[in-house]
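The chain below stands alone and is given in C-alpha cells; this is the form predicted alone.
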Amino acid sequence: MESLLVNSVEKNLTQFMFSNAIFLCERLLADFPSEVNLQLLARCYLSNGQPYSAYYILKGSKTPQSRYLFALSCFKLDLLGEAEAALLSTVEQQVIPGGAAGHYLLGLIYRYAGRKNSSVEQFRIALSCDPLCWEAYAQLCSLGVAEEASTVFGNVAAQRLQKTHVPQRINFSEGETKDQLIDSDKASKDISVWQTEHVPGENQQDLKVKQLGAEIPPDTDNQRNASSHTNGWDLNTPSPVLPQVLDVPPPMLYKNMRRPEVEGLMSVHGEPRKKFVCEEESSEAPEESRRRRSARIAAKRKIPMFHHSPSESNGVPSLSSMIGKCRIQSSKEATTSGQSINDTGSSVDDEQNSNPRGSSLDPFSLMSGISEMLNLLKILGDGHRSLHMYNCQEALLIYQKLSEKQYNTHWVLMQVGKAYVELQDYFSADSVFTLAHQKYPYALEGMDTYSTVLYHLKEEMRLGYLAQELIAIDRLSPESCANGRCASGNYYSLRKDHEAALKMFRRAIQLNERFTYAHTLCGHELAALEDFEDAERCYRKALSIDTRHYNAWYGLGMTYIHQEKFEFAQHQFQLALQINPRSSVIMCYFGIALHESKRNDEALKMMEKAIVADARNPISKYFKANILANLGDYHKALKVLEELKDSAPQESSVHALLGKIYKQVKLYDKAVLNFGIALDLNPSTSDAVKIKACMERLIVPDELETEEDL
C-alpha cells in the first residue's frame, strides 16, 4: 500500500494534480509516518502554493532534505532569519542541504537581508557545485560582481559536469558489496585518459589524446564515425566500467589501418594478453579459457552482461558489446529481463544487442552535449554581464552570435530590448518588445520596461491596451496584475494624471513588495506632484531592494536639484554614474548640478562627455548652450543651438533660448522670430508665460530690465 500511494502522489505531482496529491499523501503519512513521507507532503504543499502548511509540518525536522524544504518555506513566507538558521544548523560540518540549490537559496536570503558579500560567496559556491545553475550567475551579474562567462563556464565547469554525468552509469544488483562499488569507482578514474594513435600522413586534426576533463570539439563524433566506416570496425567508446572487468587499459583506437587480429586486440603495446585460468578446472577448460575475463567476473558477481551479436567470431565480442552501459530499447525490442541498468530504472533484454550511439548515455554524446551547452552559456553569460555593466552595444553584438532559434526566444528578446532602452533607442526597443509580445503573449517578464518604452514614445493608445491585456492574462496572478498596474500607471502619467498614476504604482507594490521599478516610478510621480519628501522615501526603498538600481539614484539627484540642494544632487549623480557610466542623461544633469554650484568648467566638461556618450541626445546640447549663454559666450552658444535646431526642430525650448540669446546680442528681429516659433510649438503653460514676458521686454533697456529683475 505504501509504494502504491507514493507512486500515485509522485504521478499527481508530475501531472499537476496538487490537491489530489495532498489528499493521498495525507493518507500515506497517517498509515506510514516517516520523515520521507513528511517531506513528500511538504513538496505537495509547496507545489500547491501553501508554504505556510509546509512550514508547520517541517518545523523541528533535522534531516538535510527536510531542512532545505523548511528553509524554502520560510523564504517564501519572508522569514529570512529562520530560513538561514535552517540551512546553517550544521555549519560546523560545512554542509548546506540541497547542494547548489541550497547555496543559491542561502545567497538569496543574504541578498534580501542586505549582506552582499555573503550572498556573492554563496552564489559562487552554487555555480561551482552546478555550472548549470544559471540563476546564480544572473544574480552575480545583477550585483555587478560576475566574472567573465568564459571563465565561469570554461574547462573547470566542463570537468565538473563530466564528473557528474559521464562516469559510471550502471546500477549494480542489490547484492553488490562495498568493495565492488569501490572497484567501480577506481575504474572510472582509470579511463580518464583516452589514447589514440595518429598515422603518419593523416590530418593532424584526426584523432587526439583527450582527457575527460578536457573539452571535446563538436566534430569528435564525426571523426569517430568516419574511422569506424573506413575500417569496417565499430570503434565505440569504452565504458567507464571496462577497466573494472579488464586488468588492461582500453585498447588503442586505429584510423585508416587494418583491423588487428583478435589476439592483438587484447594485447597492450604488442605484448600478448596473459591467460587467466579458472580456479576450478573442468572438461570444457579450453572453451572456458576463451571466455572474456569480464564474462567470468560478471558470472561471479552477477553483473548483467550483453550477449554478442551473431556477426562475432571466435567467441570474442566487439567493443560495442563491452560497453558498460545499456541502450533503452523501444517497446517492440525491450523485454522484461528485470535488470535495472540505467538511472531511470528502465529494463532491457540481455539478448538484445547494445547500440551505444543510439543511447543518451553515450559518453561522447554526453561530452559533446556538455561542450555545446557551455558554449551557449558563454554567449548568454557574456551578453547578460555586458548588459548589467551597461555596455549595451557590446551586449547587442554578443547576442547576435546566437542561432536564430535561440535569439528569438523570449528571454533573449527581452535582453535585447532592454539594451536598446539603455541606449535610448526607443524605436528599436519598441520593435523588439512588440515582436516578443506577439510571439509570447503569455510572458510577463520585461513588460514593465515595454510600457516605459511606449511612455517615452507617447503611444497613449497602445499603452492603455497593453495594460488591459496584461491584467487579462491572469487576474488572480500577482505578477500579471503588478505588471498591468505598472503599465496603467505609465498610461496615466503620460496623460499627466499623476494622482491616478501614483495609485496604480502603489497597487503594484502591494502585489509585489520587491518590485524595485514600481517604487522608483512612485518616486517620479511624487516628485511631479512636488512631494519631494515622500519621493525621496520611495527612492530609498527601491535602493534598499537593489543598490544598483541607478534610476533611483538619478531620481534622488533630481529631487535635490528641485530643492536646490546641489551638493547633495552631485553626490547622487556621481553614485548613479558609477553604476552606469555611459548614461548621457545622468551626465547632463550632473553637469547642471555642477553649473548651479558655480563649477562651470567642470560642468562644461561633463556636458562634452554627455554629448560624446550620445550625440543624438538633445538635452546635453541644450544645457551646454545654456551654460555658455550664462557665461556670456553667446557666439558658441548660438553655434550649438543652430546645430540643435536642425536635429530637433520641434522643441519649443530650443527656439526660446535662441530668442533670449539673440536679444542679448541685440538681434531683435531674430529674437522675435524665434519667440514666435516657440509659442507656435505649444509649450507648457508656464513656459508660454515666460516666453511672452520676454517678448514684451524686447524694447525695454537693459538697465530697466535689470532693475525689474531685481
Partner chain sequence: MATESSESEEEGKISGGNEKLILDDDLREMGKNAAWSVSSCKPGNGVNTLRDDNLETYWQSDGLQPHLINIQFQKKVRLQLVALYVDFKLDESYTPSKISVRAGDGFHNLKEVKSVELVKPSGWVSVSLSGTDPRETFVNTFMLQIAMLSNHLNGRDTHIRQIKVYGPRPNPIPRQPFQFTSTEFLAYSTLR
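Heads up, when I say rigid core I mean the largest set of C-alphas that superpose within 1.5 Å between the two forms. Predicted, not measured: the structure shown is a model, and the values here were computed from it. Positions refer to the first chain, counted from 1.
Unshown form predicted together with its partner chain; subsequent notes refer to it.
Worksheet entry | 4.5 Å heavy atom contact with its partner chain in the model of the complex for all of S47, F153 and L366 | Verified in the model of the complex; spot residues all out of contact, no.
Item to complete: Pick the stretch from 433-441, 402-410, 487-495, 123-131 whose residues have a heavy atom within 4.5 Å of its partner chain in the model of the complex.
Response: Stretch with heavy atoms near the partner: 487-495.
Worksheet item: Is T14 close to its partner chain in the model of the complex, meaning a heavy atom pair under 4.5 Å apart or at it?
Response: T14 lies outside the contact set for its partner chain.
Worksheet item: Looking at the partner-bound form in the model of the complex, is I586 within 4.5 Å of its partner chain by any heavy atom?
Response: Close contact exists here: in the model of the complex, I586 approaches its partner chain to within 4.5 Å, heavy atoms only.
Discussion item. L698 versus its partner chain, in the model of the complex: is there a non-hydrogen atom within 4.5 Å?
Written reply: Answer no; every heavy atom of L698 is more than 4.5 Å from its partner chain in the model of the complex.
Worksheet entry | Interface membership of P683, its partner chain in the model of the complex, 4.5 Å heavy atom rule | Yes, P683 is a contact residue.
Discussion item. Using a 4.5 Å heavy atom cut-off, which residue among E533, D601, E567, E499 comes into contact with its partner chain in the model of the complex?
Written reply: Here the answer is residue option E499.
Discussion item. If the cut-off is 4.5 angstroms on heavy atoms, which of these, L29, L644, I57, L40, is the one near its partner chain in the model of the complex?
Written reply: None of the others qualify; the residue that does is L644.
Worksheet entry | its partner chain in the model of the complex - contacting residues of 587-621, heavy atom within 4.5 Å | Those in contact are Y589, I592, E596, D614, R616, N617, P618, I619.
Discussion item. Rigid core superposed, CA of E10 - does it shift 2 Å or more between this form and the one not shown?
Written reply: It does not, since the E10 C-alpha is displaced less than 2 Å between this form and the one not shown after the core fit.
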